[in-house]
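Below you'll find only one chain, the form predicted on its own, shown as structure tokens.
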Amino acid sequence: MDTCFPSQTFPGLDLDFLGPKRSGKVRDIYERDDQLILITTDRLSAFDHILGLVPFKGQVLNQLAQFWFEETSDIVANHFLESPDPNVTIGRKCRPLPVELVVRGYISGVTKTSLWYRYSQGERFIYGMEFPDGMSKNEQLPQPVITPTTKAEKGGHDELITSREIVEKGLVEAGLWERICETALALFVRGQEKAARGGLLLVDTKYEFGLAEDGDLLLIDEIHTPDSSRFWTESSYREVLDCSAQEEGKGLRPVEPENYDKEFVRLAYAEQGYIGDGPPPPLAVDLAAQASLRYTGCYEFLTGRPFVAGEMPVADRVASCLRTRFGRQ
């Protein structure tokens, strides 16, 4: 994959001493007995395509996920065991559930599974829920809602599904699904509370769950990162509310709040007329650089800590760490 940041970005790497590799959109995964080694790369995926590389993105995702796993462990157990490198997590192996939960506090988004996209196309019965006429883009919902999707195979697209369909199709047993939904809403409230302390609004977020061998429910993948969530600055959202209403009255496009997440890139692509149909344009250098600032800024807002980049180049550092830990000397 081409990149204009060869000394700063991390596209991934092959580590033969760890055995066979599985590659997701963002993470490279190796299995060791009852553990998973998850290596978080700088690949940026949107509209179900990998667009390019964003400097420091992988480190931000990995370290933020660790932060949130620790902050929410009283709500639900998770797969996190340790992080031997800024881009690496060692996690418990489990059986991932075949659906993703997206909890939404606002009607927003430009992807085809987002609430606003479906609503703007005239739909009012979405994800098994009825929405009234007259809603505006980025409007806060009366209460957070759960909008599940199927988990697409590599190269596929996530598809809308309702809670009823999940149970009826046997994807998740009814009692377990009820527990998962209650857990997801509790995680969302915790995320909103802690994001507010950093001046951010948690707009919506994705959660993934799995079952351990002993049947324990585990939160997996990542939580409340700029990839899995939308974050707006609270100050910008308040400023644009009145402005958006005025411009909509004039038939103009609503003003967007300042976001610190992947939506920044999605919106830039949507401005170019691309929302996932066909091959995507390559990620522009300046857009990747701006996205990098959003990712590191999000880390600092949420954790209250300065972002400290790991040693470069990332691939050499990760390989050395894992070779020392798992490889033959």
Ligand SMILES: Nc1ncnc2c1ncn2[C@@H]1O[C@H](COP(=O)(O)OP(=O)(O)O)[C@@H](O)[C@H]1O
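In this text the structure is predicted, and so the values were computed from the model without any measurement. Residue numbers here begin at 1 and follow the sequence given.
This protein has a second form, the form predicted in complex with the ligand, left out of what is shown; the following refers to that one.
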{"query": "is_contact(residue 128, the ligand) in the predicted bound form, heavy atom dist at most 4.5 Å", "finding": "no"}
{"query": "Residue contact check: residue 96 to the ligand in the predicted bound form, 4.5 Å heavy atom", "finding": "yes"}
{"query": "Contact of residue 92 with the ligand in the predicted bound form (heavy atom, 4.5 Å)", "finding": "yes"}
{"query": "Contact label in the predicted bound form: residue 239 to the ligand, heavy atom within 4.5 Å", "finding": "no"}
{"query": "Stretch from 35-43, 291-299, 51-59, 276-284 whose residues place a heavy atom within 4.5 Å of the ligand in the predicted bound form", "finding": "35-43"}
{"query": "Listed residue that, although the ligand is not shown, lies within 4.5 Å of it in the predicted bound form (heavy atoms), from 71, 256, 208, 165", "finding": "208"}
{"query": "Complete contact of 104, 224 and 261 with the ligand in the predicted bound form (any heavy atom, 4.5 Å)", "finding": "no"}
{"query": "Stretch 25-64 - residues with a heavy atom within 4.5 Å of the ligand in the predicted bound form", "finding": "25, 26, 27, 29, 36, 38"}
